[in-house]
Structure formats: structure tokens, C-alpha cells
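In the C-alpha cells that follow, the same protein chain appears in two forms, which are kept apart as structure 1 and structure 2.
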Structure 1
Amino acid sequence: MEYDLRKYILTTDGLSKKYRGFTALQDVSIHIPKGSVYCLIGRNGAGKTTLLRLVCGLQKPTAGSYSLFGRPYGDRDIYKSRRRMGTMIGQPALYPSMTAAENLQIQYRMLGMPSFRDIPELLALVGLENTKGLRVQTFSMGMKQRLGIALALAGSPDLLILDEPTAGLDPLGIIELRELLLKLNRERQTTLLIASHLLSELPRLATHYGFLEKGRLLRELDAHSLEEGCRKCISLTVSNSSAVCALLDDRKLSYRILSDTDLEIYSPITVTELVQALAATDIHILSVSQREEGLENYLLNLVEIGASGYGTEK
């Protein structure tokens, strides 16, 4: 696929990071459009945090490069691009004995911002406007996450990078955080790069996805393409799954073999039509059901198809 790099706030080109005897990231190329909510998905240890730390300048890549707001990594003015970026990687660094406003004042000073005038507005934006006088040590986990995002938003960044922002939140806190991120994206046109393994929430938020596994990018696609990829399928248990392949190949149907007896058919075909076709063979149908593939199964399929010797897709 060819990309028009003028459309992207952040791109990486073959980005890699190796430690002594361990490869954390290998040949990763992602493309984050302006105004998007880009969700980087992968299990713990997939390389998500490593990728974020590299593009934030917290670590240096072993190989490859990246471009941030049109400036390539290595440009002596790359710091100017990083000023347009806000980050929260890991637990936010907070001063527990201070109030939320006082924490923000310290952040403003570190950024060289002389006026604290818009701190009340920023606290209201993240839902902490009623915390005056309360020390951060009394805050719930959700309130601390909100304050961490407020710190990342100091200076009105164009790109906000968040690493597992829902970690430790209860279901209500996750919903509130999701609404906050959507508000930032829609009302402030803030581009979001979010690393997460909480798959249930992401379809409500993401416009683009990147799937990481063992340091490699398995696939990158937009929400519309993912919706098409999360296709309906017929799950079939038969006496011999490999014997069904000839019939499916003859009809040019897309399928995936799961085991000696189980397979999934992705091409459009009615259950009635399938049963009638198999009835003419010596294959016994043990069970048949229809379902729609979700994001979790889509990721599992990507991992399985990419693993040698496990699963096939036609």
C-alpha cells in the first residue's frame, strides 16, 4: 500500500528496538492520520510501550526511523515537533500531597508557560473542577488518570499519546474516560495514539488500528476496513474437516481450518445450501452455527495465521 505522507502526523519506517539478546520491536511501520484515534493493539509484551517510548524520544531506536509533524527523527529541530505532543506512559507522575491545580502549575512551569489562567478550564475539561482543596492522595484511580491526562494536555498538544489509559479503572471509570477522549478528539481535533489491550472499548473509540504481536506489526487498517474484516462466518463441526476442503475450493469459498473436525466458512453461503451440499458426500455434520467475528477473534486470527504451522486461511 502506498501512503501520502503529507496526511500523517506521525509515521514510522522500519522502526526496531533490540536489547541484549532480545528484540522488543522489529521493522514496524505505522501511519497516524491527522485527527484520528489510532489504537495500537496487542497483548502485554507485544511491543506497544516500546514503540511509544521510541516516538516520544525516551529511547533511541536500534534501526529504522520516524517522522513527527513532518520532521524526521534525527533532525536537530525534532524537539519542536515534540512540543506539540502530550504523553502519559505508565502511571502519571503526580505529587500526592498537592492539589490537582498545584500539580498542573508545576507542569506549566516545566513547559515554560507563564500563566496559570486556563488551569480551571483544563480541570473542568477532565471533570476535576470540583476538587479544589483536595489532595491528590485522596483521589480515586479514575481521578488520578484524569489528572494524568490533564498534565498531558498542558500546552494544548495536537497529538496525545496514552499508554493503557484504562488500567486500574472500574467499568464506570472506563466509560467516563472514553467519553473524555472522544470529546478531545471531536471538539479540539486532538489526534490520539492509544496503546491498549482492552478490546471491548476500542470499537467505540478508534478510527484506525495497528495490531502488534511479538514486536511485529501484523496489520494496519481503518475502522471501516476492520468492520468489513470482522465478517460473519459459519462455524462447522464435521467428521473430517479436510474432506470438506475440496467442496469449498470448488465453490471458491473462503474458509479456515481449526482442527481435524472444526472449520469456519467466511464466504456468503446459507446454512441450508451448505447442508445440502455436504449431504451428497460421506461427511457427517456434527454441529453448525452462524456468528459474527468480533475484534478479539479478529486479533486471534491474525496471530494464528501469522504463526507457522497453526491454522490456514484460503
Structure 2
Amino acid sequence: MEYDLRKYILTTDGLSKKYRGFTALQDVSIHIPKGSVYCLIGRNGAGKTTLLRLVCGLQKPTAGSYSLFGRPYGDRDIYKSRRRMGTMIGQPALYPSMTAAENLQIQYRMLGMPSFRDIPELLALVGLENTKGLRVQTFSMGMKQRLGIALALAGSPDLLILDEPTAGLDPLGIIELRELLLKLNRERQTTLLIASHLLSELPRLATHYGFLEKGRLLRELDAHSLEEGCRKCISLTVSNSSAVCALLDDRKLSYRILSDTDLEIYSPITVTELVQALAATDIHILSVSQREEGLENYLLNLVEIGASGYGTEK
């Protein structure tokens, strides 16, 4: 598939990273459109953090390349493109003997920003306005995470790269962060690249997804395509699920048994057809409901077929 590279703030082309005897990333090509919220999904060790480190210039790729704000990897001035990025990879990197404001001052100076006037506002944005004089070593994990996000937001970046930004945050903090990221995306057109495990939160944020497994990109698609691709599912509660299985097997329907009484049926069968088929037997139907397969199930299915089905789809 041909991609118009002008639309994309970040693209990778066959990016690979090998350590001694171990391939962390293999032939990964992602495309992050300007203004999108791109969520990188995969289990631990899938290669998400490795990909982010390569893009941030912390590590050098073994093969392949990437382009950041139109500048290719290897360009002498690529550091200028990185000035337009804000990042938080892994645990927040903070100076423990300094205050939150001083940590931000360090960041501001590195970005070449002449004034520190915005710092109080930035601290208020992440909920750290009452930490004046407190050193970072006294902060809780959640406070450190918030400060890490503030550091990433310093300089109003055009691209924000966050690796597990919700780690250490309480439920309210997660909601606040989600709202903040949405606000940045909508009001400032900040492009977001988020690596996260928190599948429940991502559908509220993401416009694009990239699924990584064992260092390979399984699939890359936008939210609309994901919605269409998610299978419809009929949740059924019956008196005896094993009796239902025989019926479903006869009709060659795809299903999953959840318990002695609960099933999920994925094949394209309507509720009416299913109920009529079950009514002809002695099986009692206790409840029936229809829903779409969530992101979690989509990912599980993708990983199961992933060994034979690597590719991208848009």
C-alpha cells in the first residue's frame, strides 16, 4: 500500500532491533498521521518500548529507518525534529534532589525556552501545584508520574510519546489524564503516540491502533476499521452449555464456553435464528444479549492468528 508521507508525523520503515541473540523488533513499519491518537498495543516484551526508544534516538536500529517530521533517521539535523517531541518512556526520569519546578526548569533550558513563566500553569495542569519546596524524592509514585507527564508537555510539543502513562495513577488520575490528552489532541492538534496495556481506556482515546507481538507488527488500522473488524458476539446463558455445544457444532458455528451456563457465539447468526434453534430442544434459555467484540478479544484473536498473519491493514 502506498502512503502519502506528507500526512504522517512519524513513519517507520522495516525498523528492526536485535540485541545479542535476541530480536526485540523485526521489520516494523508504522505510520502515525498528524493529529491522530495512535495507540501501540501489545503484551510485555512485544517491543513497544524498544520501538519508542528507537524513535527517540536513545538506541540505534539494527536495520530499517524512520522519518520524524519529514526528517529521515541519519539526518544530521534530526535532533531539531526531536525538539518538537515530548516523551515519557518507562519510569519518569527525575532529579530526586530537586523540586518539581526545578526539574521543569532543567527541561525548559534543554528545549531552549527563554522563560519559566509557564511552569506554575503546567504544574497545575497535572495536579502538582501544591508541591512548592518539596523535593521529588518525597513524591509518591503517582506524583512522579504526573511530573513525568509535565516534563513531556514542556514546550508544547507537536508529538507526545507516552509509554504506559497511566502507571501509578489512581482511577481519578487516569480519567484526568485521559481528558487532558483528549484536550491536547483536539485543541492543540497534538499527535499522540501511546503505548499502553490499559485496553479499557484506549477506545475512548485512540484514532489509530498498532498491534505488536514478539517484535512484529501484526496489524495497523484506524479506529473505524477496528470497529468494523470487531466481531459481533451473542452472549448466551442457558441451563446447560454443553448441550448447546452439540447444536452449535452441527451448525458449524464458532463459539467459546465461559462456564457451565454461559457461552459466547461469534458466527454470523441472528438472535432470532439462535433462539428458534434452541427452542426446538430441551435447553432453557436464561438470557440472550448481543454486543460487539471488544478491543481485548480483538487483540486475543489477533495474537492467536498472529504467527501466520503478519501484515498491515488500513
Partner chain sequence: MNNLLKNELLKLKRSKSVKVLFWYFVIYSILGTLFFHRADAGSFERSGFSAPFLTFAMHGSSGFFFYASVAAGLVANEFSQGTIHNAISCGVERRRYFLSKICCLLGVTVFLYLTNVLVRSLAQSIFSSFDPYGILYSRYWQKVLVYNLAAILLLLSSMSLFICIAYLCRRGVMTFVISLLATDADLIWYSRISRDKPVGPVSVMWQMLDMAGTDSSSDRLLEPGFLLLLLPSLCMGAISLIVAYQLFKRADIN
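Small disclaimer: the values here were computed from a predicted structure and weren't measured. For the two forms, the rigid core is made up of the largest set of C-alpha atoms that agree within 1.5 Å on superposition. Each residue is numbered by where it sits in the sequence of structure 1, with counting from 1.
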Open item on the list: Only one of structures 1 and 2 is the form predicted alone; identify it.
Closed with: 1
TODO: Using a rigid core alignment, state whether the CA of S29 is displaced by 2 Å or more between the two structures.
DONE: no
- [ ] Inspect the rigid-core superposition and answer whether the C-alpha of S242 shifts by 2 angstroms or more between the two structures.
- [x] yes
Task: Core-aligned C-alpha movement of P96 between the two structures reaching 2 Å - done: yes
TODO: Could the core-superposed CA displacement of E129 between the two structures be given in angstrom, to one decimal?
DONE: 3.7
TODO: Enter the rigid core superposed C-alpha shift of I257 between the two structures, rounded to one decimal in Å.
DONE: 13.0
